[in-house]
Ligand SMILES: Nc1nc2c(c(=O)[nH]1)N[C@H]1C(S)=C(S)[C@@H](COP(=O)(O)O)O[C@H]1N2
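So this first bit is one chain, no partners, the form predicted on its own, shown in structure tokens.
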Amino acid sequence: MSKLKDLGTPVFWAEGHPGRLDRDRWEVEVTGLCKNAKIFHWHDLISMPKTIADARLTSVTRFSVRGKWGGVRIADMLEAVGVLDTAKYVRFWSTRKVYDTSITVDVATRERTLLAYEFDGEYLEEDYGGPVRVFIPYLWGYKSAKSVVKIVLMDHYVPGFWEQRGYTDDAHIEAGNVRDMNEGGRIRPIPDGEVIRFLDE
């Protein structure tokens, strides 16, 4: 059992759970507005400099879980392909290419925006978006696409899976109560923005 599961972190796949995925053969294609489109294989990703973000994934369904997320900075991947100045948005596609979501290049290149493959030193399992998922602590979790297979650099915004169903395009985390999974699901209040602190501390 993984640490995320030990914490009781909900498992949710809007498009249906993909089942077992082959980590060793995983590929992520980066294409679009760049000089050198590239396919990153699993072993390419784990050979790149690893960033650890001690931060929270916070879901619009109102849970939040903190841990040390490990992976490759999206900024490093964009640098590797030579992102063009005309690229303003980064679009992520999950396995089977049913689920997608987009963020601005500005958010994509922030320090703790990762293509993550670890949580607290353990490889991510499929329940939680393994082998690799986007991790963006600054926004609601629906922007942190699971089991990513494709990244497209674009000059325009395209509403994704949940955005087409009424979720906000900017995914700004709003003040309210969340379940803190690190505290057994205790209900705690948060301010607007990234969940760095709770209002009851």
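Each residue number is its position in the shown sequence, starting from 1. This is a predicted model, so every value here is computed, not measured.
Below, we turn to the form predicted together with the named molecule, even though it does not appear here.
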The named molecule in the predicted bound form reached by all of L114, Y117 and P137, non-hydrogen atom within 4.5 Å: no
Close approach of S59 to the named molecule in the predicted bound form, 4.5 Å, heavy atom: yes
E122: touches the named molecule in the predicted bound form, heavy atom cutoff 4.5 angstroms: no
Residue contact check: Y128 to the named molecule in the predicted bound form, 4.5 Å heavy atom: yes
Any non-hydrogen atom of G141 within 4.5 angstroms of the named molecule in the predicted bound form: yes
Among 142-150, 170-178, 36-44, 22-30, the region lying within 4.5 Å of the named molecule in the predicted bound form by heavy atom distance: 142-150
Residues of 11-35 having any heavy atom within 4.5 Å of the named molecule in the predicted bound form, listed in sequence order: V11, F12, W13, A14, E15
